[in-house]
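Shown next as C-alpha cells: one chain only, the form predicted on its own.
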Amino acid sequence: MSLEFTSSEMMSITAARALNNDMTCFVGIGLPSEAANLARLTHAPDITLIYESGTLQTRPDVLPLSIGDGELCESALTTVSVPEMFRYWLQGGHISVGFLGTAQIDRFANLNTTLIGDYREPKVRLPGGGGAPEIATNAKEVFITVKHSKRTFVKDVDFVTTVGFGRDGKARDNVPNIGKGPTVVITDLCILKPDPETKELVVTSLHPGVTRDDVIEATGWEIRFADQLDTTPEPTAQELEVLRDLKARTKAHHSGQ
C-alpha cells in the first residue's frame, strides 16, 4: 500500500538521504536544516552538524529559527568563535558538505540571496549571503535544496551571491584550492546534477507522480534530462513519522505551546 506524502516531505526526505553517517555538514537554516536533522534522526545518527554561529556536533530537538537560536548552542558538543569556525573548520578543509538553500538558482547552480531585479533599483532586497559564499567555496562539495518554480529556477540569476560554476560554467576550472562545488540539487519535483562537461544542471531523477512537463513548466530555461532518468524512491513510513514529529515539535516549541 502506497503511503500518502506531500511534495515538500518528498523533497526533505530525499535531501536527507543524500547525507551519510561519516559526513561533517555545514548546515544552512530552513530546508537544509530540516533535511540534515532528519538524516541525523534516521539513517545517519553520527553525522556531525555544524552551524555558522560556531556550534559543533549540534543535536537540536527542534529546528532552529536562525543560526543564533539557543537550541543550537544548548545541544552542541561545543561552541567555538565564528572566526575559528570559518578559518579552521571551513577554510581548513574539514567540511565534507555544505548544505544550502536559495531564493534564485540558475542553470550553472549559481545562487542569489541578495536581491531581485536591478542592483541599483531592486524589486526586493533579500537577506544576503551570510556564510554561503564561503561554504560553497571551501566545502568539499555542496548540496542545494529548494522548491521548484520559474521564479526560483531562472536562466541567469539577478545577482551571483554564491558561485556554483559561474556565468559560463567555468568558474571552478583550474582553481585547485576550492571544493568541487554543487554536486546535487534536490527540489520538490526532481533531483538535478551538473553535467560533467558543461556543468549545466540536468534532471537525473523525477519524484513519484512528477512528469517531465511538470519540471519543464517550473524551470526558467530549456531544462535537459538525463538519458537514464530514474524515479526517486518514495518515503518510508519511518521517514515520514520522524519528519512529521520533528516539525510538530518545532511548531509547538516556537509557538510557546
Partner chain sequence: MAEFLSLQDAVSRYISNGDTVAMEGFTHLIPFAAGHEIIRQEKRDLTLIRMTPDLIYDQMIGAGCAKKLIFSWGGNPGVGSLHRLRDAVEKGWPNKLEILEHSHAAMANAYEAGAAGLPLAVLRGYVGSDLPKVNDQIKFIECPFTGERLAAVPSVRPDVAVIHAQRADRKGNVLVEGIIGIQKEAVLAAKRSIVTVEEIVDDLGASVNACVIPSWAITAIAVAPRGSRPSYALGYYDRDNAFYQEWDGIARDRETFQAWLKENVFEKTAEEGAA
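Just so it is clear, the model here is predicted, and its values are computed rather than measured. Numbering follows the first chain given and starts at 1.
This protein has a second form, the form predicted together with its partner chain, left out of what is shown; the following refers to that one.
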| query | Taking F5, V154 and R224 together, does each of them reach its partner chain in the predicted bound form with some heavy atom inside 4.5 Å? | reply | no
| field | Candidate stretches 32 to 40, 212 to 220, 228 to 236, 45 to 53, one within 4.5 Å of its partner chain in the predicted bound form by heavy atom | value | 45 to 53
| query | Is there a heavy atom of D188 lying 4.5 Å or less from a heavy atom of its partner chain in the predicted bound form? | reply | no
| in the predicted bound form, T204 touching its partner chain (heavy atom, 4.5 Å) | no
| request: Examine V163 and determine whether its closest non-hydrogen atom to its partner chain in the predicted bound form is within 4.5 angstroms. | output: yes
| task | Using the partner position in the predicted bound form, report whether E74 sits within 4.5 Å of its partner chain, counting heavy atoms only. | result | yes
| If we check its partner chain in the predicted bound form, which of the residues in 147 to 181 reach within 4.5 angstroms of it by a non-hydrogen atom? | F159, V160, T161, V163, R167, V175, P176, N177, I178
